[in-house]
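Given next, in structure tokens, is a single chain: the form predicted alone.
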């Protein structure tokens, strides 16, 4: 019991630090691909500390301040259901379904906060984000259902145990199709090109974050850091068999690294193109995988 309490305290801190390092490495790797030097890998940690020491300028009301809080809280709650190093804080049959619901809390919290700010760029960014969710969430749910049917369980830990006792789902037909569809969806979930329309710095000045500064922008950085671990963690647990603490993070970063490589060389889709793409190719791939799993 004491070990579980200590893990509950230590794990979110660990995830925030590693998530911020992921973000720093993303900037460094992208810079090197573009033949630039780039900032040090720990730059995002310094940025967050600096942001929390600054005074907030914008003040648009209570909900504007609560938006980042809800976003961070939604991600922290989601984190409780992710078995990191085979050590989940909350585990039961059906935890995958609960997690899929919880993943919606953070974007909705951001939408409420940005709506209070009444900035056109922020409104456009949130509208794009919610529209894009209608695309990739469908793909993610289809793929998750296929895995649950194959495993005969809706528990992360049971699905991980089956893979560790056999073969990871990435290498099993037809779950390879579900894994491929999820990996494509992950590109948008992580907010990487060609699906970074909600942020689009050169078009809408970072969209939802345009009005935020100081500790609120720092909280949004923390939200993104946790989200990277949660989102890559879903893929690691569903399709790559989890693993020990170190091995789990190695797999998580490998998934993130693939998204970075695509981000560094791809242009940005228009939001209509992105939505249409998700409702055609990855949705079709995931649906074929689900049908084959269901009838075999």
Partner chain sequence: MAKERPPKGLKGWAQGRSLWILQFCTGCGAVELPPVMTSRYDMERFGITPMATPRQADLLLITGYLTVKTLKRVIRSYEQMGEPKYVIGFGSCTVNGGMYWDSYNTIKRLDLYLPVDLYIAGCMPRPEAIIEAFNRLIEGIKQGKFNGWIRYKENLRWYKRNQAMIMDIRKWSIDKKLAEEVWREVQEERRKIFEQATVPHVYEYAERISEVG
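Because the structure is a prediction, the values reported are computed rather than measured. Residue numbers count along the first chain shown, from 1.
The discussion below concerns the form predicted in complex with its partner chain, not included here.
**Student:** So its partner chain isn't shown here. In the predicted bound form, which residue out of 168, 184, 217, 157 has a non-hydrogen atom within 4.5 Å of it?
**Tutor:** The residue in contact is 217.
**Student:** Of 173 to 181, 206 to 214, 160 to 168, 187 to 195, which is the one stretch near its partner chain in the predicted bound form, taking non-hydrogen atoms within 4.5 angstroms as near?
**Tutor:** Going through the listed ranges, the match is 206 to 214.
**Student:** Using the partner position in the predicted bound form, report whether residue 263 sits within 4.5 Å of its partner chain, counting heavy atoms only.
**Tutor:** Contact check for residue 263: no, nothing within 4.5 Å of its partner chain in the predicted bound form.
**Student:** Would you check, heavy atoms only and a 4.5 Å threshold, whether residue 42 touches its partner chain in the predicted bound form?
**Tutor:** Flag for residue 42 set to yes.
**Student:** Would you please decide whether residue 251 lies within 4.5 angstroms of its partner chain in the predicted bound form, comparing each non-hydrogen atom pair?
**Tutor:** Taking the distances in the predicted bound form, the answer for residue 251 is no, it never comes within 4.5 Å of its partner chain.
**Student:** So, residue 245 and its partner chain: in the predicted bound form, are they within 4.5 Å at any heavy atom pair?
**Tutor:** Answer no; every heavy atom of residue 245 is more than 4.5 Å from its partner chain in the predicted bound form.
**Student:** With the partner left out here, which residues of 159 to 198 have a non-hydrogen atom within 4.5 Å of its partner chain in the predicted bound form?
**Tutor:** Contacts from 159 to 198: none.
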